[in-house]
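The data below hold one chain only, encoded as structure tokens and taken in the form predicted on its own.
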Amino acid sequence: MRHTVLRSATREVAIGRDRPFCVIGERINPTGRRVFQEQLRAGDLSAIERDVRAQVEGGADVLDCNMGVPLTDEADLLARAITMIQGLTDLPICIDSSVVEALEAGLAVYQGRALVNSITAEDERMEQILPLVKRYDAAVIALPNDVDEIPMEPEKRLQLVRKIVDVAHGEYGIAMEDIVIDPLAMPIGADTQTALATMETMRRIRDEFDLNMTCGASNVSFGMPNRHGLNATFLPMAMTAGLTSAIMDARTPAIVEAVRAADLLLGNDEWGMAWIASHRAKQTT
């Protein structure tokens, strides 16, 4: 079993198939949040405190942090946000940016061992980001798509996973346990077969590489009604195919409870102690 170990200054989280599912809170992200974007452009990061609190209370294990707002200094914003988050919680952080300078700024201020989100199989992206991952002793999320396409067929995705592993592990010396694959969870509203392709990809990554995996879980239900119901069903199914973490809504009890129930049923909650403790805590509130 490979364990991807992330740390804050004082807490360690290990991602692995024999560990409880790692809930990576998705909320600290301005995409689709007009008011939050306006606040960030004005230099106001106060909404982050509410987002951190809600996700910690919801049961997040790691927090994703994205500060991608047009017409801002993303590197400065991301460094400030990470510093602020680390003053509010001891959860590790997934540093999320498509801007190389922002990733480096975030890694430079981060206290601990971060997860970098993300690289693709594009040569340029790997050349830009993998040296940072190595220098700062981070783990990295990798997506099996390249400059030509986001492949729908599991075999094409596996070919790109092999390329990523060959470069990240073979050329840059990044440990296999620090390569976390995103098998590409696509919206089922566009094609109801996409979830089947994603889970087949997961099974093949698990069986061939034994790598940890994550995904943007909310992508699956995009454009469909009752998104919480779909996400709460997809994640336990994906866990049986090898998914070990997800960037997901940590504020919605039905979704978090679904993965915690799956932890219990898959043998990753010894004696059901976490499930029982969670139930008892709810009885006292």
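Numbers follow the displayed sequence, beginning with 1. On a predicted model such as this, the values are computed, not experimentally measured, just so you know.
What follows is about the form predicted in complex with a further copy of the same chain, which we do not show.
**Student:** Would 36, 79 and 150 all count as contacting a further copy of the same chain in the predicted bound form, using a 4.5 Å heavy atom cut-off?
**Tutor:** Not one of the three qualifies.
**Student:** Taking 4.5 Å between heavy atoms as the contact cutoff, choose which of 159, 128, 193, 98 touches a further copy of the same chain in the predicted bound form.
**Tutor:** Contact residue from the list: 193.
**Student:** Pick from 236, 30, 216, 59: which has a non-hydrogen atom within 4.5 Å of a further copy of the same chain in the predicted bound form?
**Tutor:** So the residue touching a further copy of the same chain in the predicted bound form, by this definition, is 236.
**Student:** If contact means any heavy atom within 4.5 Å, which of 61-69, 22-30, 251-259, 36-44 contacts a further copy of the same chain in the predicted bound form?
**Tutor:** Looking at the other structure, the answer is 251-259.
**Student:** Contact with a further copy of the same chain in the predicted bound form for residue 9, defined as at least one heavy atom pair within 4.5 Å: yes or no?
**Tutor:** Contact check for residue 9: no, nothing within 4.5 Å of a further copy of the same chain in the predicted bound form.
**Student:** Does residue 264 reach a further copy of the same chain in the predicted bound form, with heavy atoms at most 4.5 Å apart?
**Tutor:** Taking the distances in the predicted bound form, the answer for residue 264 is yes, it comes within 4.5 Å of a further copy of the same chain.
**Student:** In the predicted bound form, is there a heavy atom of a further copy of the same chain that lies within 4.5 Å of any heavy atom of residue 3, even though the partner is absent here?
**Tutor:** Residue 3: no, not in contact with a further copy of the same chain in the predicted bound form.
**Student:** Find out whether any non-hydrogen atom of residue 52 is located within 4.5 angstroms of a further copy of the same chain in the predicted bound form, and reply yes or no.
**Tutor:** Residue-level check for residue 52: no, no contact with a further copy of the same chain.
**Student:** Just to make sure I understand: among 220-237, which residues lie within 4.5 Å of a further copy of the same chain in the predicted bound form, judging by heavy atoms?
**Tutor:** Residues within 4.5 Å: 220, 224, 225, 226, 229, 230, 233, 234, 236, 237.
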